[in-house]
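A single chain, nothing else alongside it, follows as structure tokens in the form predicted on its own.
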């Protein structure tokens, strides 16, 4: 399940308008979508935002990958809904639906960015923005290690199962105890990998030169400025609607249609 969830953030190389955008323009789009997800607080508005994100995924030809990953994300979404529904004193259905959709919108916003942006493009964008090369390398390598960590976890789990160890046996407490047996081989895996990466960086003279020619040459084009302008205008519009009180009246109307559970 974990590998399936992480597929939602794994880059796919495709020829689409969204893939061709500068990573800085896509980052502004990510900020706008994330801010809108946090600012909106009703299921109707968040559903409309999710439809916009789905349209962007369709433009990026990644809608199928995103939909397939929802199967792995469904358990977490159900958990968020259940926790909100069972712990709130009033408007439980209204708030639980909104919080579940908010998490899905936030996850989808980051999915759009990482499905269409390579680690090299992200590193180049960070360096152009003034982030030191060491920090940009550390950040992008941590992103690259997430799928590797999921694969290593699955490898260790399969090795234990092949030796007759039942991870899913017993109650919740026993299952948690069983999964702790994954930690030691997994830590050994990752320590080995980190040592290999450190030796590879040292062999290539990483850090020897202060100024290095970027591997990816970034330049903002007209389409990038259009994407930045549209994202900024949309974000300003959401902020104005929320701050003006118009959105509060709309939320109260939507709340009135939800069953008072």
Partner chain sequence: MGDAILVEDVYFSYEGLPVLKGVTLTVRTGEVLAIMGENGAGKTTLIKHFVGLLKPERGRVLVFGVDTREASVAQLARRVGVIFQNPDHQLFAESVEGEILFTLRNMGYPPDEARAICERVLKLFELDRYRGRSPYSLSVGERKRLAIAAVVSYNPDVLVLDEPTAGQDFFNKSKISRLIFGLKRQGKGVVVVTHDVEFAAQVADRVALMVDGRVIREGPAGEVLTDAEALKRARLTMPQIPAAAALLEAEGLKLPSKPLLPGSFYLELLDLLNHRWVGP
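Between two forms, the rigid core is the largest collection of C-alphas that superpose within 1.5 Å. This structure is a prediction, so every number in the text was calculated from the model and none was measured. Positions refer to the first chain, counted from 1.
Keep in mind the form predicted together with the partner chain is missing from the figure; the text below concerns it.
J.: With the partner chain left out of view, which of 126, 93, 160, 106 would have a heavy atom within 4.5 Å of it in the model of the complex?
T.: If I apply the 4.5 Å criterion carefully, the residue I get is 160.
J.: Using a 4.5 Å heavy atom cut-off, state whether residue 72 contacts the partner chain in the model of the complex.
T.: The answer is no: residue 72 has no heavy atom within 4.5 Å of the partner chain.
J.: Residue 97 versus the partner chain, in the model of the complex: is there a non-hydrogen atom within 4.5 Å?
T.: No, residue 97 is distant from the partner.
J.: At 4.5 Å between heavy atoms, is residue 135 in contact with the partner chain in the model of the complex?
T.: It does not: once the partner chain is placed as it appears in the model of the complex, residue 135 has no heavy atom within 4.5 Å of it.
J.: Against the partner chain in the model of the complex, would residue 188 count as a contact residue? Criterion: heavy atoms within 4.5 Å.
T.: Yes.
J.: At 4.5 Å between heavy atoms, only one of the stretches 42-50, 57-65, 29-37, 188-196 reaches the partner chain in the model of the complex; which one is it?
T.: This holds for exactly one stretch, 188-196.
J.: What are the residues of 108-124, in order along the chain, with a heavy atom within 4.5 Å of the partner chain in the model of the complex?
T.: Contacting residues: none.
J.: Aligning on the rigid core, do we see the C-alpha of residue 86 shift 2 angstroms or more between this form and the one not shown?
T.: Result for residue 86: no, shift under 2 Å.
J.: Can a Cα shift of no less than 2 Å be assigned to residue 160 between this form and the one not shown, given superposition on the rigid core?
T.: Comparing forms between this form and the one not shown, the residue 160 CA shifts at least 2 Å.
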